[in-house]
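Consider the single chain below, provided in structure tokens and representing the form predicted on its own.
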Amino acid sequence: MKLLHTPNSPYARKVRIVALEKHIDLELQEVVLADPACIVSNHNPLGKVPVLILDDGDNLYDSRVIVEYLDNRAPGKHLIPQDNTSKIATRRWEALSDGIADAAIAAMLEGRRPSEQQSQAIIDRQLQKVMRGLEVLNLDITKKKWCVNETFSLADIALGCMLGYVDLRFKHLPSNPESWQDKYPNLAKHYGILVKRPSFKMTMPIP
């Protein structure tokens, strides 16, 4: 199986970590989405990563579909709980984490536009989503070792990938001298535990 990815995509990182945790070998192919010759659109009509190209030539996207496929493909402990209540709780963590990453990416991309074309209102609106989401997750992780059922799961992976991206792009929050780790200490503590795992160390974003 081959994974098309970009090195700093939090969604592709989520897939890579799941594969590492499940001991699944993936061939990694890094792509540049802005390159006119990029092959991603040949495999995902939306032109987004990650894309998993299966051995039979079929394609899977997006990250939520891919991680479920990988989790059920390999034996051993599931990263997505089989109990429906716990599964929904895990997917809720993943949905909010991915949504925060969506907003952070939107703010970053708007900030990269030529200054005369940028909308500060768009940037502020997206970053408000980031901060509201972090506030909720910071409260939810209080006094928990792991996000769901005190067991490492996809919820923790999605959370850690999002926090890694926020740390890469917005270490200091807008109009605030505090870093996100100062403002959201429960998340910072959890992130500090996650980044010690080999799967996280092997997939760190590139500054």
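The numbering used is simple: start at 1 and walk along the sequence shown. On a predicted model such as this, the values are computed, not experimentally measured, just so you know.
The discussion below concerns the form predicted in complex with a small molecule, not included here.
Which residue among 74, 123, 105, 89 has a heavy atom within 4.5 angstroms of the small molecule in the predicted complex?
Of the candidates 74, 123, 105, 89, 105 is the one lying within 4.5 Å of the small molecule in the predicted complex.
Which one of 140, 62, 167, 68 is close to the small molecule in the predicted complex, taking close to mean a heavy atom within 4.5 Å?
So the residue touching the small molecule in the predicted complex, by this definition, is 62.
Tell me which of 48-56, 178-186, 22-30, 150-158 has residues with heavy atoms within 4.5 angstroms of the small molecule in the predicted complex?
Of the options given, it is 48-56.
Against the small molecule in the predicted complex, would residue 110 count as a contact residue? Criterion: heavy atoms within 4.5 Å.
No, residue 110 is distant from the partner.
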